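Coming up is one lone chain in structure tokens, specifically the form predicted alone.
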């Protein structure tokens, strides 16, 4: 395991903590920039909004995908201009729109939002350049759309476009579609990107002018289970560049944007937790860990899903559940002898379990376990107020070798 000594040094101070590696974040960002020629990237702030991480990613030239007004404000704190901050979420309030109008590019999620933005822009005597989220007549895997709480159905959108002529304080300059996360098959994303470009061309023809941007959403996955094959970003980038050349005449000057989802940060982090107690009950050896469900909830959610699913492993439901065996549990011990254990947390609930009947090197009170893939959707999802336990700090190993609080 990388950085084991540094992690153990921090473990002298804390019972549980997140440990992020800045060099891995930069490496993932550089891979995207190298493999996708001519594409702009937005970092999905909801995956991990720790300021030190956001600062690192912004320094790589990425913009921000914001899902709330507070995330918009966070992106602005790091100097991003409105055209580099896209605010996309359903159910925006008047307060949300008022706060974000001047400092971001708002992506309207419904016709109601379009009219609300028009009203706000009229009050300010401005023309707001916005995007519109579309629920298209296709999915990642098929050529028929499905119902969704996100966006405007493609057919409804075409019927509604003539009403735009009555709106004098907004201009739709881009479209946004996001259908799925955590895709590892480049061929699936390739087909989706081509559909997106055709949708953009059809939308331009319907509104009668050229767009400024096409936000194709995310979908970029990372390997969780050991059997997972990493996404071939080089192949996908070459195919995307080829599409851009094919459609150059109709889309010249239009920015193509991808949201990073978990891709840039997911593999950069470990969650470290201390063995607080060890006991045997009716033949089962329980390892009691510090702050599991309430520190890093996703392994506990996976166990809950798998426990009730029995033999039928369900499809992923991101970002809460990805798959069976999505996390590796690395014992930070030199012990070689193994035993079968169940890993549980220190909360007063039987649901606080992260692994059952697992063979591991023998652990003693005071030892530590590191859990992989904790760089994204970790602390942000976890119910840290539950039982008023002390929340785990979030630390980042900088490229210069120093370790700091990611929220400083």
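Positions refer to the first chain, counted from 1. For clarity, every value in this text was computed on a predicted model and none was experimentally measured.
Below, we turn to the form predicted together with a small molecule, even though it does not appear here.
> Answer for residue 136 alone: is it within 4.5 Å of the small molecule in the predicted complex, judged on heavy atom distances?
So residue 136 does not count as contacting the small molecule.
> Could you confirm whether residue 178 comes within 4.5 Å of the small molecule in the predicted complex, counting heavy atoms only?
Yes, residue 178 lies within 4.5 Å of the small molecule in the predicted complex.
> So in the predicted complex, does residue 273 come within 4.5 Å of the small molecule, heavy atom to heavy atom?
Contact check for residue 273: no, nothing within 4.5 Å of the small molecule in the predicted complex.
> Residue 303 versus the small molecule, in the predicted complex: is there a non-hydrogen atom within 4.5 Å?
Answer no; every heavy atom of residue 303 is more than 4.5 Å from the small molecule in the predicted complex.
> Select, from the options 274 to 282, 255 to 263, 100 to 108, 199 to 207, the stretch whose residues sit within 4.5 angstroms of the small molecule in the predicted complex by heavy atom distance.
Careful reading of the contacts points to 255 to 263.
> Considering non-hydrogen atoms and a 4.5 Å limit, which listed residue (72, 220, 293, 130) is close to the small molecule in the predicted complex?
Spelling it out, the residue with a heavy atom inside the cut-off is 220.
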